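First, one chain by itself in structure tokens, the form predicted alone.
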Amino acid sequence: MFVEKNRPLSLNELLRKTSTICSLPLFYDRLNEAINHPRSSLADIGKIISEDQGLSTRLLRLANSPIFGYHARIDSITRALTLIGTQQLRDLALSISIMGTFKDIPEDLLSMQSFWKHSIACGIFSRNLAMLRREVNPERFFLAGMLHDLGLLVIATVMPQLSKTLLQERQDQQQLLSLVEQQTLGYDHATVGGALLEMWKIPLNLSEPVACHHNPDAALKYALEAAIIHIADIFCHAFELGAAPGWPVPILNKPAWQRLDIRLAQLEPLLDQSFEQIDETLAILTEAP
């Protein structure tokens, strides 16, 4: 699975290598087609999801978790589709499936437990910030937050030795990884993640926030989404969620914070709610079904 190179690859070379190693989960196109077909029923959509037993089991556990807070038990995918929504469940299903796509990265290269804790925490913070703002379909914010560091997995998969070097340099220099990557590669993991999602034909409202989470000013169409992922990522680093102690916290982009239009007094209950959800969500998404 791993491709070793003696030199850094250009972004286009990296994406070409990635396309031969990792592909978008096959069910996603079928699921999208069913959701968008006027004659599809919830049963038709649920059947596609239920074909993957591990995926459907995790989705049901997630649907019954405190994230959604339903009092009555959700015991079927069709019921989950009814209560949560088809687009929302599709986004949750995609996030779970992509976790499986990059499951073979060695622990001595990248701690996947720490990586997914950071990623899921970013997704939870992003979702809750979106809910606080009453944004439509907060699950897309969860997906964008959860995939914000997808580019790290791509670099580790295609250029493992170089990835190890970059991570060591970040530690030695006490520098932001994105800056170390820019110095060596000419691009960073945020750019890689956004480009991969775009190559997979994932909508721009997901790919652009991922690409711009370190530089939300660069977002041309989805500036609010990029701002939310940017702030959520800062929360994760500040509270050392999946990050090693002493790692530098990304610099806050002030226009991004202003764009959220959230009062500081609203943050404490949001953070408390998020902390309660992170560990349980991590357990649901990483433990065997």
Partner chain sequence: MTRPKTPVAATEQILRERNLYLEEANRQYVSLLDTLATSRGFQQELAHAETSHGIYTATLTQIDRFLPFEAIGCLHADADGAFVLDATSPFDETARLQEETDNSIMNGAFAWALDRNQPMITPSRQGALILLHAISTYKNVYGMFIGLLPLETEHLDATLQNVLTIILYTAANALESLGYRTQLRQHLATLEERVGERTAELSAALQRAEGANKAKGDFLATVSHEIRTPMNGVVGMTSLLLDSQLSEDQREYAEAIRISGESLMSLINDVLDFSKIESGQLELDEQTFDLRQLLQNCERMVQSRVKAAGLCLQWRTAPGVPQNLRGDSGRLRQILLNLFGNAIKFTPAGKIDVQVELAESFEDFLVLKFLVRDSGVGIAVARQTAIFEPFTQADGSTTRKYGGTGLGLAICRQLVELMHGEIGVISAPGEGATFWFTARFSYPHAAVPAPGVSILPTSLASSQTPCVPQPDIQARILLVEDNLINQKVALRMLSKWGYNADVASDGRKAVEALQQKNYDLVLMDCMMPEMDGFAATRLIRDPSSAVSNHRVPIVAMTANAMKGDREKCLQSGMDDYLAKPIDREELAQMLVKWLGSGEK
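Residue numbers count along the first chain shown, from 1. Keep in mind that what you see is a predicted model, and the values were worked out from it rather than measured.
Form predicted in complex with the partner chain: not shown, discussed below.
The stretch that touches the partner chain in the predicted bound form, counting heavy atoms within 4.5 Å, is 69-77, out of 172-180, 204-212, 189-197, 69-77. When you look in the predicted bound form, the only residue of 234, 241, 60, 45 with a non-hydrogen atom within 4.5 Å of the partner chain is 45. Using a 4.5 angstroms limit between non-hydrogen atoms, residue 100 is distant from the partner chain in the predicted bound form. At a distance threshold of 4.5 angstroms between non-hydrogen atoms, residue 82 is in contact with the partner chain in the predicted bound form. Proximity of residue 95 to the partner chain in the predicted bound form: non-hydrogen atoms within 4.5 Å are absent; the residue sits far from the partner. At a distance threshold of 4.5 angstroms between non-hydrogen atoms, residue 53 is out of contact with the partner chain in the predicted bound form. Annotation for 22-42: interface residues with the partner chain in the predicted bound form are 33, 34, 35, 36, 37, 38, 39, 40, 41, 42 [heavy atom within 4.5 Å].
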